[in-house]
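Have a look below at one chain only, the form predicted alone, in structure tokens format.
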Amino acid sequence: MFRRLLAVTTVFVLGTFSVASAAEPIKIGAILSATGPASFLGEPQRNTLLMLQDQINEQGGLLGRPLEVIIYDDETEVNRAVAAANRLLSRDRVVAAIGATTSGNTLAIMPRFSSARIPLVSMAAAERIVKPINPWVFKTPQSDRHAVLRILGHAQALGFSDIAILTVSDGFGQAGREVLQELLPEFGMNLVADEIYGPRDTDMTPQLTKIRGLSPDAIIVWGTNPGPAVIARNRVQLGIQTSMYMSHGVASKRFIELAGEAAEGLILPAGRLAVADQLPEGHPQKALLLEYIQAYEARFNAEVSTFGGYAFDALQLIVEAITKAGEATPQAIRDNLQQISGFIGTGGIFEMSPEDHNGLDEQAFVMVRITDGDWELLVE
């Protein structure tokens, strides 16, 4: 079905390999948040891996060998992510790994994979994951810098100059806040409010009340569920009419479900997977995106998620590197990952290099608005 197929066997489900059982498996590790606060991110990632497992098994494996991906659920806890990384390296002896789901957990496990000289492909967005360059660490989501550039470009076109930001105090939020603080002056904009909330906070009316008193032209919210949904509802409750942008951290239908009618009219950057059917015919990503959506929704009876796409791309890139190398050693995988060019994924067209371990720019994002409980493409 897909142009590049993968296989996964996990601690959740054991697949049946169609390749010869005597062949030594190629072991890839994965650490994701299938449960816990970030489960809305990690569950579609796990589902995607399970779906791809069956497809690659039907194709006979990779290099004539089964591809065994060993998945651990970190339960959105940093200590569990670190423990899972240690198991993958010391017990499972993987040749490459995917993870983690969240930026904070990724930043915690990176040093272990780097020290072991095992390539790690993250599914988290923070720019700090790949800047400065770590020779053994890559990531598939578009960076927070790319999202900020898209948001500020849109705000600038509307003539907004006074901006308030409201960011979560976790790794994702801190990284976004740093880039917002850096780039706002470059767009000639004034940071009139810089408010922070905690990942488990359930009421942000104090921060929003303070922001309202400063009369900004727009409010930029940076975080992942459930906080941004709480903020959207609080905004409506307070009668705030100021334009509000969300980050790409809420680019899933789960956010719309949590925010309800309060999500209407909110604007954010998202990957093209969210609006695949609205892309022009002939767009280089469209066919892949529609195939992924059809396969995922048919199997799981659930809507596809941008975050599942991050797992899709991570595994596809590793398989591409192995295929190009003709072998599955950590060094060969690393060397070929950073040479991949023109690679069509769900998140964009990847142009990796030794100086760029993400391979995407701001054009990998489009701006979308939530209209009638769904995504509306604004800029392509």
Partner chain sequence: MKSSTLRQLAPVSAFYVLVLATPTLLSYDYYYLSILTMAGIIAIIVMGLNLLLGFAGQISLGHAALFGISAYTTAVMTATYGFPLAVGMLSGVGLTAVVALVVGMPVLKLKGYYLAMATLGFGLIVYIFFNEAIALTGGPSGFVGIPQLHFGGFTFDSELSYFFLVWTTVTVVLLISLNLIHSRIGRALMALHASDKAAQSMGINVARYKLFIFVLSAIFAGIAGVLYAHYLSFVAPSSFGFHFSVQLITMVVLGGMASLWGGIAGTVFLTAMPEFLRAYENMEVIIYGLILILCMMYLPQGMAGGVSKLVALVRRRLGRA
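Remember, predicted model here, so these are calculated numbers, not experimental data. Residue numbers count along the first chain shown, from 1.
Absent from the display: the form predicted together with the partner chain. The rest refers to it.
Q: Check S243 for me: does it contact the partner chain in the model of the complex (non-hydrogen atoms, 4.5 angstroms)?
A: Taking the distances in the model of the complex, the answer for S243 is no, it never comes within 4.5 Å of the partner chain.
Q: Contact with the partner chain in the model of the complex for P216, defined as at least one heavy atom pair within 4.5 Å: yes or no?
A: Contact with the partner chain, no.
Q: Using a 4.5 angstroms cut-off on non-hydrogen atoms, would Q156 count as touching the partner chain in the model of the complex?
A: Outside the cut-off, so no.
Q: A270 near the partner chain in the model of the complex, any heavy atom under 4.5 Å?
A: No, no contact at 4.5 Å.
Q: Mind checking whether each of R112, D170 and I196 has a heavy atom within 4.5 Å of the partner chain in the model of the complex?
A: Every residue of the candidate spot has a heavy atom within 4.5 Å of the partner chain in the model of the complex.
Q: Looking at heavy atoms inside 4.5 Å, which stretch does the partner chain contact in the model of the complex, given the options 288 to 296, 274 to 282, 78 to 86, 141 to 149?
A: Looking at the other structure, the answer is 78 to 86.
Q: Since exactly one of A108, L191, V130, L183 fits, which has a heavy atom within 4.5 Å of the partner chain in the model of the complex?
A: It is A108.
Q: Which of these residues, Q339, T35, Q59, T323, gets a heavy atom within 4.5 Å of the partner chain in the model of the complex?
A: For this set of options, the contacting one is T35.
Q: Quick one: name the residues from 173 to 196 with any non-hydrogen atom within 4.5 angstroms of the partner chain in the model of the complex.
A: The stretch 173 to 196, when checked against the partner chain in the model of the complex, contributes Q174, R177, E178, I196 at the 4.5 Å heavy-atom cut-off.
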